[in-house]
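Read the single chain below, which is given as structure tokens and is the form predicted alone.
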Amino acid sequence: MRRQKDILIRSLWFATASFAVLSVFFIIFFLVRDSIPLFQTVGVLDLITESTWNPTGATPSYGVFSLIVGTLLVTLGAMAIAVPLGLASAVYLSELAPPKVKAAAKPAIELLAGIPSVVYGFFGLIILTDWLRVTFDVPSGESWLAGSILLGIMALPTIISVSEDALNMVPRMFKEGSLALGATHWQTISRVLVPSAISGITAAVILGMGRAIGETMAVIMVCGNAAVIPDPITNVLSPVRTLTGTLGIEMGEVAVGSMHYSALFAVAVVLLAITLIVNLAAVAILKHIRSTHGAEGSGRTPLLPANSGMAVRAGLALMAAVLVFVLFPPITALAVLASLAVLLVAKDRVSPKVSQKIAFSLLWGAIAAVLCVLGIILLYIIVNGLPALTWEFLTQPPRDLGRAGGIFPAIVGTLYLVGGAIAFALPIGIGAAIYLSEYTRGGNRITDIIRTGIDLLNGMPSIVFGLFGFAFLVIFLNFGVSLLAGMITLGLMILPTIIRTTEEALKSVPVSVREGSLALGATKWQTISRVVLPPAVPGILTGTILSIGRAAGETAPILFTAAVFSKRFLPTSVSEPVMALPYHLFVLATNVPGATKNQYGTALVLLILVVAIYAVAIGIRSRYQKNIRW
């Protein structure tokens, strides 16, 4: 009887783990199904190579080449900004930061990841684009450059965190051996630690790139949204339109079943293919790193060839050159690059100690710049948003298209959506994590398929979840634009986060604890439920809180599934649409003139809500790490 119960429970957890694979299958199936009419009419090659995107013209055109170019240009610019700053910050945190500075700086950088993208977009729309317009004396600052700067800032936390982890994984003996041979600290960092961690740093860059490619709301708000290829291609002040931006702008206006509707799903298929390639590359690199460190000395060939240093340096030099041209006018950029070239030629004549002082100064400057950006964004939103925070604003419904009244239905609607998403995703996520952690040690083909499905789900752009929710839940299952459709869509989006964090929490429980329980006669399930799960609860709770924060700040998944701009009353059932803070802020900022005060107030309330959730998660993690003793 006890054995049958264990088999039944194992089957249940296997079903939950398989849910991620089924979800990926259904998402791809519905995207491809609804895009087939376009592919049959236009053809894949013409879709990708034609540059005119005008689906509502007298003679519709469905070429997405300009959208692909816009996406790649914005992403390239973002990486040119984020990679040098992120890598320098990671080196500082890993090698130079005093413990107290590291304890303060790392959570602050993680808070950058917690700021909702619509808040970034709002800041970019109000401050960044205006600064670019005045600085470069152009009619509008909404441009490729604005999108790159904003996405660069958004990609920083990913690049810093993953790069720092890669640096920390380099065996300590490497560093000690280099220092023992008389190398300076900087020589050890630049010639031993960074090259040894180059695979992990590459994965960090790829993951940051995936974050930039998949962003929707921020690029809609600052890129200008003109489906053109900049002329010349280096004109960073030209407006561009990205694949995600096209979906976010046009999906809400299109007639279901039309060729335009099919074309937008074809755009989503192209976007999904690009992001899947990027994320699978990152997964392969990270998997290789884990297997190499898990079987040190096993004779595995490195993922990057031994002579890859020159190629990596060339790539970094190219990114630096692009960054200089992005930040400065052409003549100034040439002067800066000429000065750098002189410095490179003269570097061998500079003593190692002087080189170290210069390098460390640049590292400190990088981390200071990152923290300064965080401070500016937070300070600006707080200072301008505080005057709007009144009792009426927090407890009343909006009036006059959001220019007056409050945001109470949006606050409650956001909490409804988040609560429903957690209720949907938490049982499935914990069950999947238990199966992967406790029943598949050693791995097999089925486990690899499940893990790949989870990785793919994790890497999908949020706008793709929104399209799937619209096609499957709103249209196919006839849920309509409703609270229920929004809950399930958000639940699917946060499911990989819950699985990953729960699995890591379960893995942190020593194997000897399980073996002791089994040796005393407990069944597998008794061991899991009474011995393994209790000490893993803080880790599971941290993952849950992080998921709540992400769900509360997301806009793209609820654009077409659940959200409405204004609603005086709270929904009385899950079949009704609902207000949500991110969507309310997006519409206020882009479509309602004269609502400045309520824009800042909404942004501040959303920021407080999400940052507080992330701060709680960081606090729980820190307390757990201090108290855990095995």
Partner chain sequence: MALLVLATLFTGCVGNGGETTPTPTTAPSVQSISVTGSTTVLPIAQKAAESYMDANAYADIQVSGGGSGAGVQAVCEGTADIGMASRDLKAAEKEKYPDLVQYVVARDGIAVIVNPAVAVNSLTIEQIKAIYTGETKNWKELGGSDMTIVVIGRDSSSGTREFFSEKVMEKADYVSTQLEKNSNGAVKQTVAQTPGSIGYVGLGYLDATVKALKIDADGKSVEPSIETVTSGDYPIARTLNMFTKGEASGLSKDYLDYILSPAGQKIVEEEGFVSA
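Predicted, not measured: the structure shown is a model, and the values here were computed from it. Residue numbers count along the first chain shown, from 1.
The discussion below concerns the form predicted together with the partner chain, not included here.
- Contact annotation: of the candidates 109, 475, 76, 283, the single residue with a non-hydrogen atom within 4.5 angstroms of the partner chain in the model of the complex is 475.
- Screening 373, 428, 522, 126 for any heavy atom within 4.5 Å of the partner chain in the model of the complex leaves a single hit, 126.
- When contacts are judged by a 4.5 Å heavy atom cut-off, residue 170 does not count as touching the partner chain in the model of the complex.
- A residue is said to contact a partner when one of its heavy atoms sits within 4.5 Å of a partner heavy atom; residue 35 fails this definition for the partner chain in the model of the complex, lying far away.
- Under a 4.5 angstroms non-hydrogen atom cutoff, the partner chain in the model of the complex lacks residue 40 among its neighbouring residues.
- Though the partner is left out of this view, residue 270 does not reach within 4.5 Å of the partner chain in the model of the complex, counting heavy atoms only.
- Each of 227, 415 and 487 places at least one heavy atom within 4.5 Å of the partner chain in the model of the complex.
- Checking 203-211, 393-401, 76-84, 270-278 against the partner chain in the model of the complex, the stretch whose residues place heavy atoms within 4.5 Å of it is 393-401.
- Taking the partner chain as it sits in the model of the complex, the stretch 413-431 comes within 4.5 angstroms of it through a non-hydrogen atom at 415, 416, 419, 420, 422, 423, 426.
- In the model of the complex, the CA atoms of residue 122 and residue 615 sit farther apart than in the displayed form, by at least 3 angstroms.
- Relative to this form, residue 142 and residue 593 separate from one another in the model of the complex, with their C-alpha atoms ending up at least 3 Å farther apart.
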